[in-house]
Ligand SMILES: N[C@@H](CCC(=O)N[C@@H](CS)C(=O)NCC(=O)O)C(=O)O
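Encoded as structure tokens, the following chain is the form predicted on its own, with no partner shown.
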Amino acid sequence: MNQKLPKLISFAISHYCEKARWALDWYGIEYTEEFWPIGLHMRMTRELGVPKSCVPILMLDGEILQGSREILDWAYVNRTDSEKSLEDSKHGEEIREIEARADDVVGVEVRRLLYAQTLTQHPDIVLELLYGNLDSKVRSVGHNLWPKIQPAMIQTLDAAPDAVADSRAKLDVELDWLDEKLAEGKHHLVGDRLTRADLAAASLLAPFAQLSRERMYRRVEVPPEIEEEFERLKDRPSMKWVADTYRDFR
């Protein structure tokens, strides 16, 4: 009897889910993917019995993993090619520190800045991005509950419109740090090959890279505020590096 494929539970536009997806793809692991509706996912995660109301979640035979770091760990152990690795024992501590900072600061501020600029100003675009790829019944429920979901997201993510300046300033500090890491034309954040530090930083910055026009905004018109961020950030070494890393390794 064939074992069922792992199932990745995700939000379609989540950069944390993209990080997990990329890890599974990189390690050659077959999986199915199920998109969940933001807002309604809180009840769904409770029903799974997981500790947090967040995705990505990887469902296996008798096991549930929650979080991109945990999924990346599992993908490494279960990789199909033993020679393929995003780990590096020589630089392991530094790689983990960069990944943690990318997860806990970079990714948080990317998400916060995006939503602070769109949740209130462009709700129709956000609705399409959040629910557009779901079946009509779930999409309808999401739209009906939007008057409750929208303020809850603003509060949970600290993403009111007046958070834009603070979030942008915090993200710029992180980009300065990454620009310094990539000084003198370096291709990787640590060492001389792709590691999980690169995968984490590139995937979590991707929403503000030009490539997100095709990956995130392909179904909608890009909000003018996001166009301004694209323009503001496009010459950053770190943002050019994101595009190069996706081109070469994704």
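Not measured: the values here are computed from a predicted model. So that there is no doubt, residue numbering starts at 1 and follows the sequence shown.
This protein has a second form, the form predicted together with this ligand, left out of what is shown; the following refers to that one.
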Identify whether this ligand in the predicted bound form is within 4.5 Å of every residue in the set 199, 245 and 249, based on non-hydrogen atoms.
-> no
Taking the shortest heavy atom distance, is residue 37 within 4.5 Å of this ligand in the predicted bound form?
-> no
Non-hydrogen atom contact residue 241 with this ligand in the predicted bound form at 4.5 angstroms = no
Heavy atom to heavy atom, is residue 189 within 4.5 Å of this ligand in the predicted bound form?
-> no
Considering only heavy atoms, tell me if residue 210 and this ligand come within 4.5 Å of each other in the predicted bound form.
-> no
In terms of non-hydrogen atoms within 4.5 angstroms, which of the given stretches 177 to 185, 62 to 70, 220 to 228, 25 to 33 touches this ligand in the predicted bound form?
-> 62 to 70
Using a 4.5 Å cut-off on heavy atoms, what residues in 98 to 113 are near this ligand in the predicted bound form?
-> 103, 111
